[in-house]
Structure formats: structure tokens, C-alpha cells
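Listed next as C-alpha cells is one chain, alone, in the form predicted on its own.
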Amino acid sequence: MAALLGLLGGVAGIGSLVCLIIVLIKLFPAEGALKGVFGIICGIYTFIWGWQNVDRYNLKNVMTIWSACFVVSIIVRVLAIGVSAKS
């Protein structure tokens, strides 16, 4: 069970990273280098900016996948805590 949770968490993490990079590619030319670098340092800014500009930059699918990966990672972490507590 722990291995499956680790694999699922890894997939969610990679999915989140890919979505972050896609949104950063849109963020840099739109907002400039300073906000782009800030988006690299502070991923929540990039996440919020992506949802605010979902229609302008056609990011609906990317942001939906990123949100799903975020929720899955939270669920996996909670389940992993439960599994480790039983051990």
C-alpha cells in the first residue's frame, strides 16, 4: 500500500511540475521577467495567476489538471500518514 501511495504521489508531483512549467511559459512574456522569477520561487502565485488568466491564455485544461494533481497529492499525503500510523 505504501509503495502505491508513493507512486501515486510521484505522478501527482510530476504532473504539478509539468503544469507549473506550462503556466510559467505563459507568465514570463505576459508579466515580464521579475514576475516570472517570482512565479518560479512562489508556485502559489503562478497557480493563482493561471486561474485568473485561464480564458485569456487558454489554460483551462492545464489548470484543471494542476488542480486535480494538487488535490490528489493532499489525499495521498493524508492516506500515507494513516498507513504509517498503523505500522
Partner chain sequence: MKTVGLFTPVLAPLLSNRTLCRAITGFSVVHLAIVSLGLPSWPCPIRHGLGLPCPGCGLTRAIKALGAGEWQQAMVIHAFAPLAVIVLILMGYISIAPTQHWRWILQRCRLAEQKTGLSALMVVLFIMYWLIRLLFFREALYHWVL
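Positions refer to the first chain, counted from 1. The structure displayed is predicted, hence computed values, not measured ones.
This protein has a second form, the form predicted in complex with the partner chain, left out of what is shown; the following refers to that one.
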4.5 Å heavy atom contact, residue 17 and the partner chain in the model of the complex: yes
Residue 40 within 4.5 Å of the partner chain in the model of the complex, heavy atoms: yes
Distance check, residue 73 to the partner chain in the model of the complex, heavy atom within 4.5 Å: yes
Distance check, residue 54 to the partner chain in the model of the complex, heavy atom within 4.5 Å: no
Within 4.5 Å of the partner chain in the model of the complex: residues from 27 to 46 (heavy atom criterion): 28, 29, 30, 31, 32, 33, 34, 35, 37, 38, 40, 41, 43, 44, 45
